[in-house]
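Next up is one chain by itself, shown in structure tokens, the form predicted alone.
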């Protein structure tokens, strides 16, 4: 992680944020750089998982680079469909709780691509197709592979999608509709967020390739394979290179293409696309000593800028922003960094080694662009996103 580069960038742009007690600073050049890297190493269509960071100015940059969006609620879709950059055919909708009313609203907006999570949901879609437009149905498959990620406490099973044995029967029944030209047919998979294990990338994608071979044997034709997300961001542990993940996926793609030469591929990066380009800046309100512990109290809270820390234990790397370049001259101390609310869980970091802090200093939490959502706890307002 290039802490020095990020620190220099933030100090150079301080006039845009120094009046804020807390804000998210978006490095637009880094965001574009990440999008280009994803397009280079993932061979197919890149669709941004919009729930990762729904700031509209971020979305405009993503769209300007030719990416579509993966939406998970009608509200998200209605929000971004107002943008001039919105292109209907590049977007996919995914929600396990999709209702008839929502489906009809989404279709009225012009979305034709859907991830299918259950038989009930599939029946709802088929019963309410108007027949005027071809709909793309991506059957979500669950490969049955379990990943225990010690860095983040995500569950080992999301209970989303169809087991492989059920998925092949669903696809078999849908195949005639595809042959009649009424639908485009595909599969979708998402193993786990922040997947830092190359062996699991390999095992999961090869299982998907095995499944595609089984479809070929059953004379079932598909048009699309969506590999989902999971591309990791560096926080505290070393992560695999995106190029290495891309090579592993491409091996599976090669097998799939041999079965279906016209197959199209989709990737849904969220965390990797936006996470590394955003920094959360918080201003220190007070410094206190609690017994032998130095405590820095911020003017912002986990509850309005980093609930992911509360949910999955994601503690962001943090540095002190040094206007005078004297961090190296200051003695270092171990700090607990806590948020602005009186809640006992409002702790950004524990045991952090930083140059001596004082009230009015700024801390920068790095790689803070993913899942930085807030809440209405004590009516806190969400810090601004500032594009630099």
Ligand SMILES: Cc1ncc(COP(=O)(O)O)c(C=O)c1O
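Please read all numbers here as calculations on a predicted model, not as lab measurements. Residue numbers count along the first chain shown, from 1.
Just so it is clear, the following notes concern the form predicted together with the ligand, a form of the same protein that is not shown.
Of 230-238, 130-138, 208-216, 302-310, which is the one stretch near the ligand in the model of the complex, taking non-hydrogen atoms within 4.5 angstroms as near?
That would be 230-238.
Does the 4.5 Å heavy atom contact test between residue 52 and the ligand in the model of the complex come out positive?
Within the cut-off, so yes.
Is there any non-hydrogen atom of residue 371 lying within 4.5 Å of the ligand in the model of the complex?
Residue 371 belongs to the contact set for the ligand.
Just checking whether residue 73 would be counted as a contact of the ligand in the model of the complex - the rule being heavy atoms within 4.5 angstroms.
No, no contact at 4.5 Å.
Taking any heavy atom pair closer than or equal to 4.5 Å as contact, tell me whether residue 112 reaches the ligand in the model of the complex.
It does not: once the ligand is placed as it appears in the model of the complex, residue 112 has no heavy atom within 4.5 Å of it.
So which of 91, 277, 194, 204 reaches within 4.5 angstroms of the ligand in the model of the complex, heavy atom to heavy atom?
Of 91, 277, 194, 204, the residue with a heavy atom within 4.5 Å of the ligand in the model of the complex is 194.
Could you tell me which one of 184, 107, 271, 283 places a heavy atom within 4.5 Å of the ligand in the model of the complex?
It is 271.
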